[in-house]
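Same protein, same chain, two forms; see structure 1 and structure 2 below, as structure tokens.
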Structure 1
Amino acid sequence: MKKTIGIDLGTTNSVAAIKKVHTEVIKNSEGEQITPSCVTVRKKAMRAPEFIVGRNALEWLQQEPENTITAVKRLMGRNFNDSEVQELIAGHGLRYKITSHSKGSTNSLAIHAAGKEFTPDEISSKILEKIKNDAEATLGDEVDTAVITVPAYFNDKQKHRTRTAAALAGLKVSRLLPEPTAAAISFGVDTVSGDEGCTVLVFDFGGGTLDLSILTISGGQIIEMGKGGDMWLGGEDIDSLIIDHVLAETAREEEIDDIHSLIENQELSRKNRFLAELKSSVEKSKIALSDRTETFIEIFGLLLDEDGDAFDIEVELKREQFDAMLAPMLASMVRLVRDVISGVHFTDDLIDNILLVGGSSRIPAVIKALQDEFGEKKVLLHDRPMLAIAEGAAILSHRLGDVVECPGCGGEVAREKDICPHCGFDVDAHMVDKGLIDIVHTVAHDYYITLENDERFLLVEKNTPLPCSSTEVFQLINVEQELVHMKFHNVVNDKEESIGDLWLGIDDTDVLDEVEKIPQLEITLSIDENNLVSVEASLLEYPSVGISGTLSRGKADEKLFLSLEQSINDANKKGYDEFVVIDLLRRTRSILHTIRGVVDSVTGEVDESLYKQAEAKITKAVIIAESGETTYTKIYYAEAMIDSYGMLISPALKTRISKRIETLRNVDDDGSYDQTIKEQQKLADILNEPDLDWVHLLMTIEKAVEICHKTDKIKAAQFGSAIDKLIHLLMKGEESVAMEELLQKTMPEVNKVLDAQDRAGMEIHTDLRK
């Protein structure tokens, strides 16, 4: 029978566990409980790249560091231009290459290994794939579903990427569980029942993050009261502090002016061996100082000085020195804890315990800093800090699974059954009495939408219980606006982080023709229990005109959206005339439909064919706008001639025009720019035939009618009357003096209206206002 497991997808290490009668950590294929979150990509001639994951990948770190990815969790859902990512690149510890993705926007990120580009999702999926395969081998059953833990402070984009990684690994995610909540479950706080209750602050200090949550446990519920932390503060940063110390001490002892340059100038294989050995030695020394008062970092004969002579690294590190190095970091941690407590308006006496989990929480200075601040009795260290989160995830996955294991006999019982069919044990009563029946999650960050003039509007406030939704009504900028660009972002530690965009193209222009006041747009932002966001938007007066979906998040679709947005901004700067703007708007709405199919909403995979098609459409739209050779207005003009004045056109000529319209429309959708221009000319040649001169004149007056209908209804009526009189005279088949007099009176006024319209130009509006 298919199994469901809990997975702690960690920055440095990952762990899987399963809940039967008891919770068990699942050993990997190497026989270990912990799998290093490390992936090596090896290039294979004429074959797909090979992925080596876990302990074996760490062994490749010395030989191929440029192809070995560690701490990928820190890059999940991140932008290449994030200051933290740039600092990581500028540092001396990163051996693999990071750039923006070639098929993504600046809000994307690509890892380069073995000559190929990979997203952090794809690398993470390889870790999950190994965990899944190893679990299946150990359990002897298929594993298809998992509860996967994520930092409580992860934003929507990061959680979306985690789900994508799971989908790529062939796993269904039954819940994305905040890591502190998982840790609390492992501590056993979920067994509080009846009228009992307690409030705990979980301090989860792992390899890559400090994650904080205040949880209230009462009446069979765990309620998230508040969250906080730092996504760039973890064991990796402590390692960096020690590495800096070791290199500084070595430079002083060996009288080296610039030790970083010396390392960089070493022969490649020597440099790689040294850096891998340094990282390993530093990690061991950090762990050793949890039990000892001093340790040594020793690396013999790997580095050569400027004369080519080998020298040794021998640095003693005492716990007092280590504690002094950590002091600023510890002060920052305590401040973050204080921020979370004050953020929910709690006092210290309302916190029953501070629960410590994560490998880095074992550091004595970390424990002491919290004990000094909150009291020794209040601070509890988990006896399995590196396994706790996976265990908590396993317990929840068991409760969410299709079957549970009977505590009475160990047999499997379907989730919907209250009584075990094998032994009669009351499973439902046991679950209610002994375990958690509900988790109330809360929003991790404030959610905003960007309005006109870069104004921010708060849609959902941090710590709102999940699931939740917020509906607000906004105004479009202009009565004829056909595009709306909705931009959403979080505020994390007082810093804005984009979580994605959504575009709405109002295809039904007949709706806009009926609207006399500026339309209103109703937007609903919904967040589910996994903190995943979806958006619905529709015109308030016409609900059928709208869109719903998830947000673009830095991948190929967002790159295309940004390219499209740039073309609109350029058009506004150049002040194109009405016909060019109308044509560009029509193309833009068509392009939006194409872009929405480019990225698979589940796996994140890119449809290369649609991507190229959308890219070509954008390029073509820009060229046509710059050239002024607008297709849509030519087609619209020709169709309007037939619809309005077909009685003045011979049947044969109407047939020729209709065929040319259809051919041009097909070529315009699928053909190249040159093919489109060629078909435009063929239609223009027919429309320039002398038999249509009077029709063109009538179309000119009709254009003035359309303009004046909005600005001067009396003049519009006068022009309309002139059209009716001209048609009447033309149908009689004679060009009379009355026609000439009518034209002499009408056309100067018509030309004034058209000239004013041409000078005005048009702007493409995409913003909203409240």
Structure 2
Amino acid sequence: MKKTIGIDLGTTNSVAAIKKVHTEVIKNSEGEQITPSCVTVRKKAMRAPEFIVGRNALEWLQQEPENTITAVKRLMGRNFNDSEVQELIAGHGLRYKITSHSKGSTNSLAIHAAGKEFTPDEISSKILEKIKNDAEATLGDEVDTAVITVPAYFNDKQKHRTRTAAALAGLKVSRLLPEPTAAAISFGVDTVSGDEGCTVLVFDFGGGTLDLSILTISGGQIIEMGKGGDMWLGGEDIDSLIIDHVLAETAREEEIDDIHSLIENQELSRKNRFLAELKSSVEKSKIALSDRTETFIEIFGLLLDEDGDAFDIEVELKREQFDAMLAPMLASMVRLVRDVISGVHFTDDLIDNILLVGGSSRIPAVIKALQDEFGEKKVLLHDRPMLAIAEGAAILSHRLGDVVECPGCGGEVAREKDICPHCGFDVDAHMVDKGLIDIVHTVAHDYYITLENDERFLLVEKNTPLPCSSTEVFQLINVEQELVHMKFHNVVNDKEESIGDLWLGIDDTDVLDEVEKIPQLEITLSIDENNLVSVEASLLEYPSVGISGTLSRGKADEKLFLSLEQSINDANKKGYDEFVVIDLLRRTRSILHTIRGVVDSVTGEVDESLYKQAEAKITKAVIIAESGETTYTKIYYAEAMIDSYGMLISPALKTRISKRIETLRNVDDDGSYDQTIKEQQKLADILNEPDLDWVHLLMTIEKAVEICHKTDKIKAAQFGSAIDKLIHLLMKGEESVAMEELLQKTMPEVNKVLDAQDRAGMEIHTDLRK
């Protein structure tokens, strides 16, 4: 039977667990419970690169730091320009290179390793792949589904990317579970029954982050009340403190003025080996100090002094020294805990327990600082702090599984059944008794849409229970608007984080031709249990009008959307005339259709050929607008001629025109600019044939009718009847005096109307207003 497991996809370490009767951590192929979240990419001649994951990748960190990716979780769903990413580049010793992705917008992100670009999702998927493969080997069964844990503060995009990573690894995600909820489940606090209720503060102190969450468990639900912590405080920072201490001690003993430049000046491979050795030795000592009162950091014969002689590093570290070193960090840690509690307007007595998970929670000084502040009884350290999150995920994955074990007879019961078919046991009632309860997830952040003039409109408020959806009606800016560009964002820690852009093309503008009132657009933003956002839109009064769009997610499609936006902004600046704008709008709709297929919405894979197509279409649209050599206005004109005055055109000529239109359309879609211009000319040549002179004249008068329709109804009627009379006379087949007179009377008027017409630029609107 296919298995479903729980996975803690951590910044530093990842863990997999499964619940059968008891919850068990699944050992990896190295026989270890913990898999370092570390990936080395190795170049292979003539072959795809090889990925080494986990403990073995940590070994490679020494030799190939530039090809070894640690802490990829920090980059998930992030933009290159995000302050977090820039901070990481600036000050946190990142050894591999990151840039914006050559295929994505400037907002995308690429990790460089072994001469290739990877998205964080791709790297993360390699960790998941190893976990899946190792679990299958250990369990002797296929593993196809998992509950994967994510930080409570992950926004939609970060969650989406986690799902993408899972899809790339061939794993179905039955739930993305917030880490604090997983911790609470593994402590068993979710099984408090009835109306007792309890409130806990989950304190997750890992390798890179301190994550704090307050959860209330009551009436079969877990509700997240608030969260906080520090994205940049974890075991790594503690290691850095010890490293500083070790280097300072060594410099003192060996009388070295500037030990940092001494290390910098070592030959590269020696330097890398030394730094890796130092880091691992320091971490080992730190871990040892959790159980002992003193330890040594020793590195023999790696570092060379100014004379090129090797010297040893031997530094003793006592528990008291370590505690003193930690004191400022512990003070700010306690402050952060105080901040979350006051953030939800709680007092200490409302917090039943502080639950400690994460490897750094093992440090005695950390436990003591919390006990001193909140009382010994309140503070509970998990028996297996580094495995707790995975265990919680495994418990949930078991609950979500399709079958449950009947507590009465041990038989299998389908999950949707209340009563055991084998023994009649009331499984449903028992589950509630045993605390097999619903987890209520809430929206982690406020969701906004950007309107005209950069105004923000709140669509979904933080802490709304999931799933939820919000429907609002907005107005287009202009009656003739054919494009809508919607931008959605979260607000996280007072900063806006883009969730994605949605471009709508209103496909069927003919229906709207007669409309005088500005159309209204109804937008529904839905967020599912996994915090995944989807958007739907329809024109309120014209549900039949086709509307289509997808949410971009900062990938290749976003780069295309951005250059499309740029070309529209440029067009508005240049103030192109109506013909150019109409042509550009038609092109834009076709470009939107192409872009939609570029990124696979599940795996995030980019269709290279569609990407190139879309790029070429945008470039062509820009050139055509600049040259004014529009295709679609010519096609529309030719089609209108046949539609309105076909009876005056010979069938043979009509067929020739239709064929030319067809060819021009195809060439415009697939051909180059030059080919398009050539085809345009061929159509123009046919339209210039003398047989069509009269039809052009009628089209001119009709244009005047169209203009007068809005300004001068009497004149419009006059012109209209002139057209009718002319057609009547032309059908009789001979040019007469009556026709001459009619033209002499009408044409000067018509020309006056056309001359007076405002040829000022036409703007392309893409905004919405409330």
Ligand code: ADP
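By rigid core we mean the largest C-alpha set that fits within 1.5 Å across both forms. Remember, it's a predicted structure, so these values are computed and weren't measured experimentally. Each residue is numbered by where it sits in the sequence of structure 1, with counting from 1.
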item	value
Identity of the form predicted in complex with adenosine-5'-diphosphate (ADP) among structures 1 and 2	2
Core-aligned C-alpha movement of F322 between structure 1 and structure 2 reaching 2 Å	yes
Core fit, then A331 C-alpha moves 2 Å or more between structure 1 and structure 2	yes
Threshold 2 Å Cα movement between structure 1 and structure 2 at E59, rigid core reference	no
Per-residue Cα shift, D257, between structure 1 and structure 2 [Å; core superposed]	8.2
